[in-house]
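The chain below stands alone and is given in C-alpha cells; this is the form predicted on its own.
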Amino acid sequence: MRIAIHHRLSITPPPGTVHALMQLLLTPQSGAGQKVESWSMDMPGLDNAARFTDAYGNIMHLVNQSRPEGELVVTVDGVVETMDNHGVLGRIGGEPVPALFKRRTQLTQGNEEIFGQFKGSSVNRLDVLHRLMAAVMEALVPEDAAAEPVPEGSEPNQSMSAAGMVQKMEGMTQSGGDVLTQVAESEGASIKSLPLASEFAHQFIGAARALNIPARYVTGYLADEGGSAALHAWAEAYDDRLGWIGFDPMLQLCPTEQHVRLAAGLDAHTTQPLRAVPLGDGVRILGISVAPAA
C-alpha cells in the first residue's frame, strides 16, 4: 500500500525567549514492512539543523531557534510504501542491543494483573506476547464496562466493551488526534473515559519487561482507506527466533499495511515527534492527512 502523508504541527515558545531548541523525531526509515519513497520536512532553521541517529536508532533533527517570535510550524510531506509482514521486523542492523529495552521507566512499571499469569509459563514467547496483548485489553476495557460519559472532575472509567472498541477502532482514524477520540465521539462518550493508544502500549511494554522480554514503544501514523489519519502508538517486543515483532494492543492485532512507523524508544517520553526547550504552550496538531498514493 502506497501512503501519502501530510502532517502539520506547531509550537509557540514563551514570549521573550532568547534561545529555543527543537527536537524532531518525524523521519521514518525504510525496513521490513515499509519503504520510504520520499520524505521532506520544513520549518524555520531546519537548513542548519543537526541530523543524527539517537540512542534508540531513530533519525533525529535538532533545530536551534534564536529569539523565536510567535508560532513555529513544522510541515511534513512524504510517501511510504507499506507491506503487511504480520508485524515481523526481524533483526535490524545497527540498532541498540535488545537488552536496552528491558529497562523499566515510570510509564512502563507493569501491572501484575496483566503479566502475573504468565510468570514461569512454559508457553513459547510468541504465544505469551499474543496473550499479553489480549490481557491488556481485558485489563483496560472490561467486557462489562458501563457505557456512560464521565462527569467533569470524576475518576475515569471504561465506557465501551472490549469487543465494541475493537470493532469501532479497526480502520477508524481521525485528523489531528488519537484514534480513540473519534471512537468516543461516535459513541457520545467522554474522551476522558477511554484509555489512549499510549496507555495500551505502555501496559503491554511494562508487562513484557516484567517477564524479562525486551519491548519498546513505537510512534507512527495509522491510516484508513478513506484518507483520514491519526498519530498512533503501539509496541514491539523481541523474540529470539524472529527478532522484533510489532503488537498493537489497542487494535488487538500486529501492525498491518495501514501502520507507518516513525520512531521507537523506551516510552512515550523518548519518542515524542516534537519536543522543545523551553516548551511554551505545548505542541499543537494543525492537521494530518493520510491517503493511498496515486
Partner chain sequence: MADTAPFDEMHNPDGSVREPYRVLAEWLAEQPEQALPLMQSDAEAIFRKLGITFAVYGSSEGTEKLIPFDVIPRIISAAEWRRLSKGIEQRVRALNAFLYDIYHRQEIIKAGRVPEQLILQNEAFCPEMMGLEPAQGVYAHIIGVDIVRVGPDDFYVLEDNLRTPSGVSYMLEDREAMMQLAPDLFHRSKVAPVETYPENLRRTLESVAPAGAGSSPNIVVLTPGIYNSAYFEHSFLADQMGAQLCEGPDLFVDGGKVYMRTTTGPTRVDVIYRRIDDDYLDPLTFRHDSMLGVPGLFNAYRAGNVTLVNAPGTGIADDKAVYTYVPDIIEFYLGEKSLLNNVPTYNCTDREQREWVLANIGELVVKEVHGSGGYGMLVGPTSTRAEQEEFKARILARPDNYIVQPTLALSTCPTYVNNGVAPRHVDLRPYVLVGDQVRITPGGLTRVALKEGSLVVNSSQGGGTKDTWVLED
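As the structure is a prediction and not an experimental result, all values here were calculated from the model. Positions refer to the first chain, counted from 1.
What follows is about the form predicted in complex with its partner chain, which we do not show.
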Practice item. State yes only if every one of 50, 54 and 104 has a non-hydrogen atom within 4.5 Å of its partner chain in the predicted complex; otherwise state no. Key: yes
Check your understanding: Considering 123, 134, 83, 97, which brings a non-hydrogen atom within 4.5 Å of its partner chain in the predicted complex?
Key -> 97
Point to revise | Among 70-78, 89-97, 197-205, 113-121, the region lying within 4.5 Å of its partner chain in the predicted complex by heavy atom distance | key: 89-97
Point to revise | residue 275 within 4.5 Å of its partner chain in the predicted complex, heavy atoms | key: yes
**Study point:** Partner proximity in the predicted complex: residue 59 to its partner chain, non-hydrogen atom cutoff 4.5 Å
**Key:** no
Check your understanding: Can any non-hydrogen atom of residue 64 be found within 4.5 angstroms of its partner chain in the predicted complex?
Key -> yes
**Study point:** 4.5 Å heavy atom contact, residue 23 and its partner chain in the predicted complex
**Key:** yes
